[in-house]
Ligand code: ADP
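Single chain ahead, by itself, as C-alpha cells, in the form predicted alone.
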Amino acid sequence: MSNWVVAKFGGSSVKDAEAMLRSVKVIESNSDIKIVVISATQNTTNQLEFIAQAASKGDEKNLSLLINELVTRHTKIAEDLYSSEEVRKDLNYLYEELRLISDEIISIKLCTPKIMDQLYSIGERISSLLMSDLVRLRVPEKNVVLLDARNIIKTNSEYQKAEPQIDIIEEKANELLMPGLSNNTLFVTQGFIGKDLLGNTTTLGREGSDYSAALFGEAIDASLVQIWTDVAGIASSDPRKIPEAQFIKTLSYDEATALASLGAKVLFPTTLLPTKRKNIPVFVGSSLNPEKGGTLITNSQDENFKLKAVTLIEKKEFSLISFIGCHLNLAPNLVHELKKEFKEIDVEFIDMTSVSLSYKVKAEDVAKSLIRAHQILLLQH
C-alpha cells in the first residue's frame, strides 16, 4: 500500500468561493493527497433536475431562468476566485453544453435517463474546473491536472445507477494515473460520473461522489480515503433531530455501511465496498472545522457488544428505527430488552444482524421513538 490519499469534497465543501478556499487549505496541509474528487456545488444537482423538468414540459421561460441562475452563481464563484481567463472560457463551453442538452430535451419533450446523466455531469465538471484552477494557484509546487473521471470510472450502461467495472477501472488507473502519481502530479477530478463502454456518460446513483472516491482509492491502492463534508464525522443520530447526538470516533466498515443503508445521510450506502475490498481506512470530517477531527472507518471492530448509533428511515405509513453497533447477535434477549425500554411506545421487531437491529414504528410515533431510542443508546454506554 502507498502513502497516497484520495480526498473527496462534497457539495457543502465547495458551495461557494469561501468554502472552496477552506477546502484547498485541507489539500495544502497534506502533501500525501494525490487525487481530489469534487462534487457539484451545493443544490446544483437539484437545479439540474429542475432544468430537465422545465425542458421536458417545454416551459422555455422557466428553463431560461433556471439556466441563468446556475450560470450566474458559478460565474460569481469564478470571479470571487479570480479564475484564469482559460477557465472562464471552459466554463462558457460547459454552459453552452448545458443549453444544447436542454434544447435536445425540449425537442423530444422527454428527459431519458441517458440524457439526464449527461445533464448531471455538467455540475461536477463545472465545480472541478473551478477547484482545479484554485488548487493550481494555491499549490504551485504540484503539477495540478484536471482529470475527466469518465476516462477512469468505467461502468455498465444502467443509466442513473451504473455499476462500476472494477477490472477496467484498475486498468485505466494503471495507464492514466500511476505515471503521474509516482511523480509530483495532483489530480483534481469529478465524483458521481462515469462512462460506459460505448462512450456514453453515466452516473453511479444520486449522491454517488463518495463511491467515486472509494473507487479511485481502490484503483490506486491508496492508504486513506477522506470524505470532507460540513459535519465533523458520523454522529450517533441525526443532530438536526437529536441535539444530544455525539460524533463517533471509530466505526468498522460493516457498522458504517449499516448506518448509511438504514438512514444516516453522511455516506452513500455503497461507498465502503471498494475500500473494504482493499482494507483502506476511510476518514469522514468537516472542511469547515478540520481541527475537530472526525470518524475513522476501518476493518477493526470492538471486541464486545456495544450500541453506537440510532438511525431513522421515514415512510408514509410507518418508519424504521434502527440501532447500530457490534456483536448485537451475541447479546442475550436484546430484541426483547430494547423493545421493553421503549415503554409506552408501540414498536415491532423487523430485522437483526450482527451490526443492526430494526423496529417498525407508527408514523405518528416517529419523533418520540427516535428521542427514546437515542436515550436508550446513551443508557447502554
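Counting begins at 1, following the sequence as shown. Being a predicted model, the structure only gives us computed values, none of them experimental.
This protein has a second form, the form predicted in complex with the named molecule, left out of what is shown; the following refers to that one.
- Contact annotation: residue 113 falls outside 4.5 Å of the named molecule in the predicted bound form, judged by heavy atom distances.
- Taking the partner from elsewhere, residue 234 is found to have a heavy atom lying within 4.5 Å of the named molecule in the predicted bound form.
- Using a 4.5 angstroms limit between non-hydrogen atoms, residue 358 is distant from the named molecule in the predicted bound form.
- Using a 4.5 angstroms limit between non-hydrogen atoms, residue 98 is distant from the named molecule in the predicted bound form.
- Checking 229, 121, 155, 226 for any heavy atom within 4.5 Å of the named molecule in the predicted bound form turns up a single hit: 229.
- Between the named molecule and the residues 278, 265, 138, 172, the one pair within 4.5 Å by heavy atoms in the predicted bound form involves 265.
- Of the candidate stretches 80-88, 238-246, 102-110, 180-188, only 238-246 has residues with heavy atoms within 4.5 Å of the named molecule in the predicted bound form.
- Contact residues in stretch 11-33 (any heavy atom within 4.5 Å of the named molecule, taken in the predicted bound form) are 11, 12.
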